[in-house]
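Take a look at the structure tokens below, where one protein chain is shown in two forms, each on its own, as structure 1 and structure 2.
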Structure 1
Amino acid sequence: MGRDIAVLVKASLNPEIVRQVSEGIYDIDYTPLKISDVDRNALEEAARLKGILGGKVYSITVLTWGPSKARDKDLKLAVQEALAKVADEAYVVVDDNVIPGDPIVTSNAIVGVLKSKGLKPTLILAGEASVDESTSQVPGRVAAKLGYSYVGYVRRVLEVREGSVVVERDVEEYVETLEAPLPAVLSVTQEINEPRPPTLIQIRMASRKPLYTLKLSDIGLDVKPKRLIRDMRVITVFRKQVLVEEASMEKAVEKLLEYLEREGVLRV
């Protein structure tokens, strides 16, 4: 059985920074990229499981949003975090021909990296959903292409056995315990662990680890995105944003109650 772990790390658009260009049109160029939140949980889990499996850890990232020149700094920061946290090496696919990417390009590129570099991880860890697209499909696609077993929404990895992994999977009304044969792809939820930021020493070490930047042609791939984005609009809900700031709590309460009385929402 192999002992390596691959972690899928997305440099997502940061949903906390949403601005309009004009009349509701979303300003995608203004939004910086950051590591997708749940991928931090995947990295933390990889750090724990590396201690059990003892193999190498590599991170794989496919740049989805461009132009690549403008995204270079953010992308590096996300990948550096993976390297600092746990990865021994990082693979990054950057190709302006497939930007903006879609899940078809992304999953093919991830599989292309593994195949062309001869990497055979026994576990592939991913997040349950990216914070920009939230489609929860890239991990399943990768599993199908590789013929790995797949479990999505993993809340706990209970045990790694010789040839299988035992996990808890979160479904809407229940939690299942499952045994999946290795090699496997797991997408993890936020609840799986509490990600700790990398330490200063880890951050310093990260710059010495190998980072491979690849184009689609380097991994022998010729795919095109199939999605055509027509329109992106900021959802604007008007909120009054009245601030109540009082040294006296009594006064603050009175003010709030006055406002709510005026809104007619207290006597329901």
Structure 2
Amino acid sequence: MGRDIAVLVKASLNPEIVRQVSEGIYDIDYTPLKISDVDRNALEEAARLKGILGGKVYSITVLTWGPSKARDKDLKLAVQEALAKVADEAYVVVDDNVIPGDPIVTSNAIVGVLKSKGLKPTLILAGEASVDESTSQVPGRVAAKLGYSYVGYVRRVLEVREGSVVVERDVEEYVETLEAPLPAVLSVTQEINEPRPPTLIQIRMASRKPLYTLKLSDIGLDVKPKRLIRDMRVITVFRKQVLVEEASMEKAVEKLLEYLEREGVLRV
């Protein structure tokens, strides 16, 4: 009998398309969503491990950015990519009481999906951080709530044994090898693999796979939003367009240094 895998997939604010209104305020409602980049690495690793472990792969998504009615297209694209890539089934939580999401409510919703639907994956894979907020909290919180082992910043899954998983973990200055008991939650880095785009056949097959849209009441939760975002602002950079013209490089550098000193950028 195969061992199942769950992959956490987030529809994140797209950092490549920044929309703003007056005074540099970031327009959350009209900024499109995209599947978080490192989640693609998690899906790619799930596809590899499925061939080893057998079993099913589930994708779990919690919509954390509203308005929910305007997010249907972006959300479906993210989920369909997960289905096309590897997932056999997708579970999506869409509820205004989750929006705007925070790591506590999001992790509660993910655990609620797993428990209410009787899903007991051997491994839960997630990206090390989302492209929009990068809190890196959700995988660890999910592991704590389920009582699973947790290993972060996994750059390579070396072996899945009968009762444990052996991984390489990146801790900045060195790489360590760890063995963690199963079941386990692993957050992976981009170094773990090179995600491949789904094939045309995979994309066509994705539309035939089960996709379950759930509210909090469907998974036994009754929570209120814990976070209120008054506004988010875009950092705006203005160039002074100062041109330094001198006959020699030495004089140009000297003039530039004098200008930077007057501006307070350098202190002599």
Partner chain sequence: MKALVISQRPSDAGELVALAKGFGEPVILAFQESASKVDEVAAYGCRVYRVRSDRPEALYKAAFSLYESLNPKIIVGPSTKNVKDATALLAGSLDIPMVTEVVELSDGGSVLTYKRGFMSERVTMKAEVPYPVIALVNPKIVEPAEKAGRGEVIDLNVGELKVNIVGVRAKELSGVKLEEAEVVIGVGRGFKSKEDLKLAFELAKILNAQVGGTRPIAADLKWLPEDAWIGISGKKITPKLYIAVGVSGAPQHMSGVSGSKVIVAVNKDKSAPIFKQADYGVVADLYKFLPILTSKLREKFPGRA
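Counting starts at 1 with the first residue of structure 1 and goes up one by one along its sequence. Each form is matched to the other, and the largest set of C-alpha atoms that superpose within 1.5 Å is called the rigid core. What you are looking at is a predicted structure, and each value in this text was computed from that prediction instead of being measured.
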{"item": "Number assigned to the form predicted alone in this pair", "value": "2"}
{"item": "Flag for V253, CA shift 2 Å or larger between structures 1 and 2 after aligning core", "value": "yes"}
{"item": "Core fit, then K69 C-alpha moves 2 Å or more between structures 1 and 2", "value": "no"}
{"item": "Core-aligned C-alpha movement of V21 between structures 1 and 2 reaching 2 Å", "value": "no"}
{"item": "Distance the CA of K240 travels between structures 1 and 2 [rigid core superposed, Å]", "value": "7.4"}
